[in-house]
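Single chain ahead, written as structure tokens, the form predicted on its own.
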Amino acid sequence: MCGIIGYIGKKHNVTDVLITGLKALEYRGYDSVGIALWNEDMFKLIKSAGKISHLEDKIRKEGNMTSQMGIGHTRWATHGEPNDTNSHPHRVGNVTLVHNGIIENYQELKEELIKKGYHFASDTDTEVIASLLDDIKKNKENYLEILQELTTRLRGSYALGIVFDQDKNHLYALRKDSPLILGIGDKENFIASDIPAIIPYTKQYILLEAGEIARLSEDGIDLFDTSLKPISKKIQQVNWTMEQAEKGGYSHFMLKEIMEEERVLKDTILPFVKDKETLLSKMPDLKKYDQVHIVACGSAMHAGLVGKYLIETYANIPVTVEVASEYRYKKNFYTDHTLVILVSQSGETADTIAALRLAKESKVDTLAIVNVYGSTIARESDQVLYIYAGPEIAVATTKAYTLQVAMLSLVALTMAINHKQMKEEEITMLLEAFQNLPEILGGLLEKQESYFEIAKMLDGSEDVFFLGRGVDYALAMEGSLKLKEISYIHSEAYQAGELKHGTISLIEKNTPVIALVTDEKLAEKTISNIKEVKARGAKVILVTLESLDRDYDFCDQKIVLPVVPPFVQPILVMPPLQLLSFEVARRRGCDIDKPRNLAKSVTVE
């Protein structure tokens, strides 16, 4: 949500750096955009609702502006509609800034500032921050002290890039709960919400922690703690290339990322599955836990539901899966043997961070499954397991979801071994299955044209239903989400056995139903439900196994999956459905990589 880029230096054209950075942050989701450039004796704002291309048109009309410092922002509307006025940056007096996050006490601050004579042009909480800074500045001259006082006045989440007209040699940054990194170059430095924005210029960066203040010049970066004491921090190195963050010849990032799943699955799981000893040495010690909470949002939560099924079935340990945005507002039951697993691609998901901190306050052990090294959830959890998806640019997650399921599968296997729920021969068989899985997945991805052909069945549809029982229901939920978020088709997932308790009233002639039957024990029951919708005129796409494949009269199309042990079968189900959803959205002309109203990393609650 929202993207920040800032630059100070003379090596590159500032406008080019800002626009390049903003384009690299488009995946985070936005509906307006703007930049501020030092121009003669003040910062000039250029802002626009809509796409970055609209902003570029305005910049061209301004002509050449020479500058050595600037800040830019992509806004995802929270306070006020997306328009030019509400777009960032915001300027009050001699203060100009960009902001990611939500200020919870902005209304009371606004009322206080209005009494002091401030007027507000926008509906944003960000303009309130700029006004507050301007007000603090009236009584203080030291910019660090000004920013320090600001942090004592704001309540909520924020990442801020700030410039002052009177200090044209420094760019300031600070954060609380919203992500911000500092890029380190040669005679140039950067601030950004995420690594892709700085990759064209540097691979070195610093993670700014909550409460810290950064002062950037072209010569270096000074860091200060909450007491304004100078601090030093470890410089991180980006371990992937710009090419990995580009489309690489594919039409869309989403398609590229789906087709990378064989490779990233191999990178993530093979180091663990050489043998039992390797698995147990690389995984956290999970022996003490007899209760698990999995907390996540969206697709990560759906991955958690698969994890629940596997841990309960094979390790015989009770698991609850909680939506992170609800977790800290409900009664949670902990024991000394509870493990809270936080799942997040970015590691910066605001609701999941809040759930993590609740668990920490309750002195409960935490384990993170994340993709981004050094992210907030990774740093604050007791233990962390990284998936190696690399950059995932498309807003709708694909490869990261698949790897989350894979990593939770390894957690389930480890817990089953720790709790002596598996025989040695079964463990050996499953490790071999994991070793073979990437190649099997690669074979499924090679059949993309067949999935694209099946996608034609959904042409003209505005309602689709997914059905499944057991783990198939968890997978159906993710399949439904993938379809709705990129194609804008209304889609719902239901437990197949629940269908006749109301939902079947929505089935009429030619209603598409995507039915998952990958659990041989539940196949007969689910097939009975599929026949019920077929009898009412539904068009059925069946997702099933080679061992269950028959010449059925109740389905119109089939996606047939190779048979692997049930423990790892869920990992193979989603990639074909991801490709199916991709093609449906492509045929509808949707903006697949950047669906409307969605953000890649939800960094506000």
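These figures come from a predicted structure and were not determined experimentally. Numbering starts at 1 and runs along the sequence shown.
This protein has a second form, the form predicted in complex with fructose -6-phosphate (F6R), left out of what is shown; the following refers to that one.
Novice: Work out which of 221, 481, 259, 367 lies within 4.5 Å of fructose -6-phosphate (F6R) in the predicted bound form, going by heavy atoms.
Specialist: The option sitting close enough to the partner is 481.
Novice: Heavy atom within 4.5 Å of fructose -6-phosphate (F6R) in the predicted bound form: which of 491, 86, 345, 526?
Specialist: Only one option qualifies, and that one is 345.
Novice: In the predicted bound form, which of 151-159, 295-303, 282-290, 447-455 comes within 4.5 Å of fructose -6-phosphate (F6R) (heavy atoms)?
Specialist: The contacting stretch here is 295-303.
Novice: Taking fructose -6-phosphate (F6R) as it sits in the predicted bound form, is residue 396 in contact with it (heavy atom to heavy atom, 4.5 Å or less)?
Specialist: Heavy-atom contact with fructose -6-phosphate (F6R) at 4.5 Å: present for residue 396.
Novice: Would residue 125 count as a contact of fructose -6-phosphate (F6R) in the predicted bound form, using a 4.5 angstroms cut-off between non-hydrogen atoms?
Specialist: Outside the cut-off, so no.
Novice: Taking fructose -6-phosphate (F6R) as it sits in the predicted bound form, is residue 349 in contact with it (heavy atom to heavy atom, 4.5 Å or less)?
Specialist: Because a heavy atom of residue 349 falls inside 4.5 Å of fructose -6-phosphate (F6R) in the predicted bound form, the answer is yes.
Novice: So in the predicted bound form, does residue 74 come within 4.5 Å of fructose -6-phosphate (F6R), heavy atom to heavy atom?
Specialist: No, residue 74 stays farther than 4.5 Å from fructose -6-phosphate (F6R) in the predicted bound form.
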